[in-house]
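Heads up, the chain below is alone and in the form predicted on its own; it's given as C-alpha cells.
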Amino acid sequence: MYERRPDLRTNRISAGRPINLALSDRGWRGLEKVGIAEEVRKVALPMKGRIMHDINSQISYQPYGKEGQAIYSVSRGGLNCVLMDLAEKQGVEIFFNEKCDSVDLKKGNAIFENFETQKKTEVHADYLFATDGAGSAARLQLQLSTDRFQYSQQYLEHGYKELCIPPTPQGDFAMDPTALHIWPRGSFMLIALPNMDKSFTCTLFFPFDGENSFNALDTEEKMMTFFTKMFPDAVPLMPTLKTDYFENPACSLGIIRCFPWSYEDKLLLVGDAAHAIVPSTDKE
C-alpha cells in the first residue's frame, strides 16, 4: 500500500482538514462483516442524541433512537491508525510519503514520488485499487485515456474549517460527551463531536463569500465579534479560537461523479476517487 501522507502513528499531522465521522448502524454492519468492529469500538464514543444550541445559549435535546441506541464519534486520524495496525497484522506493507504521480492502464503500473526524497518508484501490480481521493491521479488517467468516461464535478458555495474545544483545566470534557453538539444558524452552522482525549473536534460549515463568510471575517476583531454574537456559549470553551481560525485552512466541499469505476480487470476506483460526496446537502 502506498500512502500519500506520513505515518499518522508516529507523526503529528497538523489540524485543519478532518471532519469527525459519525458511525451509524450501517457503518457498524460494514465493519462487522470484515471482522474489525470491536477494534474500532475502542476508539469510538457513543452519542445518544444531538444537543442544539440556540443563539441565546439555550439548549434542547433530540435523541437519535430508542433507549440504548446511539451513533458513534470517531476521529478520522484515530480510525486510520487502527486500520493501518490491523492491515499490517495481515501482512500488508505500507510505504508512506508516496504521491501517486501517474498510472499506466495498459501495463498496470503506477508511478509514485516520495515527498522527502523526490525519488520516483514504478510499481507493477496485478490489480490496482485507487483510493487516492477527490483529486485522484488514477481517475484522471481514465479521463485522459479511455473513451466515453463520464465525469462531473460540482462545488458548494460553503466550505468548512476545523476548530477545537479542548479538555477543561481539570482534564474533563467541557460539554456533554454523549451527544453531537450543533449550533444551527440558517445558512451556516457549527458542530462539535467528542474525542477520546476529552476534546471536541468542531467544524464550522460556512459560505466562502458574502456578508457572513470566510472571506468577510478577515481580521481577529471581525471574527471574534461574529463568533461572540452567533456562538456565545461556545466561545468561552475555545481558548485557541483565534489561532485555529486563522491557521487552519478553509476547505472546499464538492461532489464528484464518474463512471465506470473500473478499467478492464486492472484498476478499480474506491471511495472519493469514484464518488466524492459532502457530509449533508440537498444536492447529493
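The numbering used is simple: start at 1 and walk along the sequence shown. Computed from a predicted structure; not experimentally measured.
Keep in mind that the form predicted in complex with a small molecule is not shown, yet the notes after this line are about it.
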query = Which residue among Ala44, Ile256, Met238, Leu253 has a heavy atom within 4.5 angstroms of the small molecule in the model of the complex?
reply = Leu253
ask   = Within 4.5 Å of the small molecule in the model of the complex, heavy atoms considered, which of Ile182, Met196, Ala137, Met175?
value = Ala137
query = Which one of these stretches, 150 to 158, 99 to 107, 86 to 94, 120 to 128, sits within 4.5 Å of the small molecule in the model of the complex when only heavy atoms are counted?
reply = 99 to 107
ask   = Is there a non-hydrogen atom of Glu3 within 4.5 angstroms of a non-hydrogen atom of the small molecule in the model of the complex?
value = yes
ask   = Closest heavy atom of Gly133 to the small molecule in the model of the complex, within 4.5 Å or not?
value = yes
message = At 4.5 Å between heavy atoms, is Ala22 in contact with the small molecule in the model of the complex?
response = yes
inquiry  = Using a 4.5 angstroms cut-off on non-hydrogen atoms, would Leu268 count as touching the small molecule in the model of the complex?
reply    = no
